[in-house]
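Next up: a single chain in structure tokens, the form predicted alone.
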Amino acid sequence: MSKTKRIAIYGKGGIGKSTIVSNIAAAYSEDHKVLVIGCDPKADTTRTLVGKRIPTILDIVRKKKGASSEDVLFGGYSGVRCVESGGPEPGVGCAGRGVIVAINLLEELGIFSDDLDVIIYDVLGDVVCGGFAVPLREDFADEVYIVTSGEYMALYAANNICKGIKKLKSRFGGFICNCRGIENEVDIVGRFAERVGSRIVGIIPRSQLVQKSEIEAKTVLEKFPDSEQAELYRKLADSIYQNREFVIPQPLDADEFEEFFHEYFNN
């Protein structure tokens, strides 16, 4: 296993993966050399680290042959190195192809050979598309975490991701509960985690500091470094870094998933 901590963060679109990734990357940067690879075609993972949107690898290779590391790698907050894979124009092409092209190019350029302590992949949705499964399938990531809330569709996507993780026999470190403020949310996610044989590794409450920071294209750790919210991101980053408990999840089938929600809300 590489000495570099290589982490893949999955979850449904809009669940807050990019916020989690950018803030834990900022937390790691206080003591480590960090690379963040945005694998979402929206290409917004690194915006709050760099302070603006950066050109994507797909955009760069369309315009220039023989792209260099200087073309695709951008410096962000506290020295975090940032890359965005990008995607096709809306309605055209395969979004997962951007991930494949990006990782292949980064490997060719020797980016993964640098003296990195932590690499974080921010990956869209579930593992239905082969392109989005690349970080796990091709062994570019050693462990995977799922960001979810207690909402039905977030957990539905999380369960689908667990199916992909099981199929790929990847090391699953647990769930990150990114709260939306619904009733008994942590309990819902905790019970679901138990049902699939895993656990919650971190809880991030809803906070206006996130929105205030993102308006200025900053992480919470940069904008409000002494806040309780920033400390929670540091705690989550440490929990992931120190984690040694990994499982192959046992996802629920369709009927079991529906029964889980019916049982919970009828009790």
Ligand code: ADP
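Bear in mind that the values here come from a model prediction, so they are computed numbers and not experimental data. Residue indices: 1-based, along the sequence shown.
The same protein also exists as the form predicted together with the ligand; that form is not shown, yet it is the one meant from here on.
S.K.: Of the listed stretches (52-60, 237-245, 65-73, 200-208), which one has a non-hydrogen atom within 4.5 Å of the ligand in the predicted complex?
M.R.: Among the candidates, contact is made by 200-208.
S.K.: Would the ligand be touched by all three of T4, R6 and A141 in the predicted complex, meaning a heavy atom each within 4.5 Å?
M.R.: Verified in the predicted complex; spot residues all out of contact, no.
S.K.: So in the predicted complex, does any heavy atom of S29 sit within 4.5 Å of the ligand?
M.R.: Close contact is absent here: in the predicted complex, S29 is far from the ligand, nothing within 4.5 Å, heavy atoms only.
S.K.: Against the ligand in the predicted complex, would G16 count as a contact residue? Criterion: heavy atoms within 4.5 Å.
M.R.: G16 belongs to the contact set for the ligand.
S.K.: Can K33 be called a contact residue for the ligand in the predicted complex at 4.5 Å between heavy atoms?
M.R.: No, no contact at 4.5 Å.
S.K.: Quick one: does E222 come within 4.5 Å of the ligand in the predicted complex, counting heavy atoms only?
M.R.: Contact with the ligand, no.
S.K.: At 4.5 Å, heavy atom to heavy atom, what parts of 225-239 sit next to the ligand in the predicted complex? List them in sequence order, or say none.
M.R.: Stretch hits, in order: Q229, Y233.
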